[in-house]
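Take a look at this single chain in structure tokens; it is the form predicted on its own.
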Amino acid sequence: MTKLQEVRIGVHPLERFGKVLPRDEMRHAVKVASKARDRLSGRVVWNVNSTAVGGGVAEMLPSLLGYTRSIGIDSRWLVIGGEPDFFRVTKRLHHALHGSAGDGSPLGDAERRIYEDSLRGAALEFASLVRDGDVVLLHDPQTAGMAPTLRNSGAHLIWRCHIGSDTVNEHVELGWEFLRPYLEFVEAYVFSRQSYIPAICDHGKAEIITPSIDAFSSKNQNLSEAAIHTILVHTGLVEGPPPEDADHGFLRDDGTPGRVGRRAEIVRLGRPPAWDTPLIVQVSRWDPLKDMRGVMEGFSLMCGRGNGRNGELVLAGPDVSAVTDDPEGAMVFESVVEAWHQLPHAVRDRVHLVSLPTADVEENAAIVNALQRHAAIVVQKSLREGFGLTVTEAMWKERPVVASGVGGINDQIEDGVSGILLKDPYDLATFADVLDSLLSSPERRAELGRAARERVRDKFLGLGHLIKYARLLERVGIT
């Protein structure tokens, strides 16, 4: 049986968006927030997902709910646990909705029994907490099966799907057919792209809300060069010593000072890269659809041509033992390490495989922040992607991003203006050419970075995300 755990949420002042947004946008946001608070008076807004660590949902919820709490809305976050068999099934569903076979396992009667039996306890426990008029947002396939139990609770049920596929194949159809019995009890759906809405869903009940980042979180806040340098030296990502004005610090989401004290575990052949070495960086979960191995092979191809401008590659992901809802993580990491061992010695010396500590989520975020800000180029060469939060994070930090033109990434980057889109993520020769071209042109990298930050400011900050949810609540009749 799954278990429910409530995640503590801080409070973040909405007013701080005034530092990065025009005054008229702030006035409009405050007006919308006031109306939403009045509509939700006496109600609880519940969010339920499957992990508090790792992945885009766990990244967004603390910030988004923190802002809603600051304006007087009772927002809460619950996480369901589960046995390995449950997460094996949900990972298979994850791959299917992306159009991928995953591990090739079926999604039949046996898998449905595992899925429903695992969710039954959590759904019943949750139903005892929900009251008439509350709002429940169930996130992704892991929680959809709770909807039938909650249908008589009197709450407004919304299912938020963060993944999808632009094209339909047998895997996509299999995944949606598996979820069909649960989704009929949902009052509204939220997707990241129009093309992700399946035929089985009433399109009139669907809303498109693109994910967002929090510009002030520990992952995206401004860091001094001294802090970036110190954090990367301390964690082992660049060679020391730290600067004379060493600074391990960052600001935690509750406004208190934080300090990076843990180190990363790194698979490498020789020494860390020097501070002035240009780094090509991909930060993501160890998931086959993120194609860390393909990034490494493309980098190797560039180096084999005698190019690379002395650049080095950093592939960074979470410590696989800490991400409970992703049973593939350890296997993918090991496969990347195995492929790394097959690289030519001269290339292997320039590739660093990094497992970042996750015991302190905000410390982990600060390390990622420093690494992205130091990168010469940020890569997201996903084979499939619902929406790439790491893409938006790097764009906000004025980094030039090279990413696959798949899924939601097509909405994030204007090709050639605010980043570079790879038309075919399997085309390693073109990928290698793009990397080499950008490494040789600091001016082009700076130009792309400036446009990228403006793109995020206009479209992908959390305040706009919350305004869209406020409109959705009006649609489902919360007045």
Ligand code: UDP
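From 1 onward, residues are counted along the sequence shown. This structure is a prediction, so every number in the text was calculated from the model and none was measured.
In what follows, reference is made to the form predicted together with ligand UDP, a form of this protein that is not presented.
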Is it the case that K205, even though its partner is missing from this view, gets within 4.5 Å of ligand UDP in the predicted bound form, heavy atoms only? no
Although ligand UDP is absent from this view, report whether T390 comes within 4.5 Å of it in the predicted bound form, heavy atoms only. yes
Should H171 be counted as a contact of ligand UDP in the predicted bound form, where contact means heavy atoms within 4.5 Å? no
Would G419 count as a contact of ligand UDP in the predicted bound form, using a 4.5 angstroms cut-off between non-hydrogen atoms? no
So which of G408, G311, G145, G317 reaches within 4.5 angstroms of ligand UDP in the predicted bound form, heavy atom to heavy atom? G317
Which pick from L223, C161, I377, V283 sits with a heavy atom within 4.5 Å of ligand UDP in the predicted bound form? V283
Which is the contacting stretch out of 119-127, 232-240, 356-364, 329-337, given heavy atoms within 4.5 Å of ligand UDP in the predicted bound form? 356-364
Ligand UDP in the predicted bound form: within 4.5 Å of a heavy atom of each of G56, V368 and E385? yes
Can you tell me which residues in 83-106 come within 4.5 angstroms of ligand UDP in the predicted bound form, by heavy atoms? none
